[in-house]
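Shown below, as C-alpha cells, is a lone chain in the form predicted alone; questions about how it binds or moves come after it.
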Amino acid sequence: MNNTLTHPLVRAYLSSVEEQATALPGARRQELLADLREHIEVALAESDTLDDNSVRRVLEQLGAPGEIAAAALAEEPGNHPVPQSSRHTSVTLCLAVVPLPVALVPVIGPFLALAATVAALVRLWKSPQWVRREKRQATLLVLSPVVTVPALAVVCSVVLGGLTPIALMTALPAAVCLPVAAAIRLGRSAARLRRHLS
C-alpha cells in the first residue's frame, strides 16, 4: 500500500498542499498531510489498478491543493492572513530592497537608507498577510546587509590586496541578493494568499 504514496502524481499533490499551507502551524500542517495520505491510500487500495487515471480521479475528488489549504486555514482559530492590495505589497517590498542602493547616495544616502529600512520593517510587521515566521525571516534578510557588506568587503579586500573602493563595490551587489530574496519570497506568499482567497 505504501507504493501508492510514491506515485509521482501523489507526491506532487502532497507537496503542493504542503507548500500552499505554509501559513498553518507546523503540527496542524503535518496532521493535514497525514489525513490526506491516509485518504489517498484507502481510496487507491479500493481501486482495481494503480494507473495515472485512477490516481487523478482520487486526487480530483479530494479537491485542488489550494482549496484544501484555504479550507484548513479557515478552520484555524485566531488571526488569519488577510491579503492586501498588490500595490500596498509592492511598496513594502520595494522599501525592503532599496536601502542598500540608496545608502550609496552621497551625504543623505545613509539617512534615506535607514528611513527606508525602518518603513519596510514597520509595514512588514503591521501587514496581516504574512505569518510571524515569514516576518521573522524577512526581517533577518532585510537587515542582513549590515553584516554581509562588511564581511564581503573584508573578503574582497583580502583577495584584492587591501580595502579599496573596488572591494567595497564588489561586496555591494552580493549583499543586495538577500533582501531581494526576501522580497521575492514575500511577494510569492502574498500572491498565493490572494489567489486562494479570491
Partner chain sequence: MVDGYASIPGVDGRVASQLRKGVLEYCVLALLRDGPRYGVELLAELARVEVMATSQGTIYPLLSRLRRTGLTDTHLRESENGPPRRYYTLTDAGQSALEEFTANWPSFRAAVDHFLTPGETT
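Computed from a predicted structure; not experimentally measured. Residue numbers count along the first chain shown, from 1.
Here the subject shifts to the form predicted together with its partner chain, a form of this protein not shown in this document.
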- Message: Considering non-hydrogen atoms and a 4.5 Å limit, does its partner chain approach Pro173 in the predicted complex?
- Response: no
- Query: Pro150: heavy atom within 4.5 Å of its partner chain in the predicted complex?
  - Reply: no
- Item | Proximity of Glu134 to its partner chain in the predicted complex, heavy atoms at 4.5 Å | no
- Find out whether any non-hydrogen atom of Leu112 is located within 4.5 angstroms of its partner chain in the predicted complex, and reply yes or no. no
- Query: Of these, Ile166, Leu62, Leu50, Val155, which has a heavy atom no more than 4.5 Å from its partner chain in the predicted complex?
  - Reply: Leu62
- Query: 126 to 134, 158 to 166, 27 to 35, 142 to 150: which one contacts its partner chain in the predicted complex at 4.5 Å, heavy atom to heavy atom?
  - Reply: 27 to 35
- Task: Report whether all of Val91, Cys94 and Val105 sit within 4.5 Å of its partner chain in the predicted complex, measuring from non-hydrogen atoms.
- Result: no
- Item | Neighbours of its partner chain in the predicted complex among 20 to 51 [non-hydrogen atom within 4.5 angstroms] | Gln20, Arg28, Glu31, Leu32, Asp35, Leu36, Glu38, His39, Glu41, Val42, Ala43, Ala45, Glu46
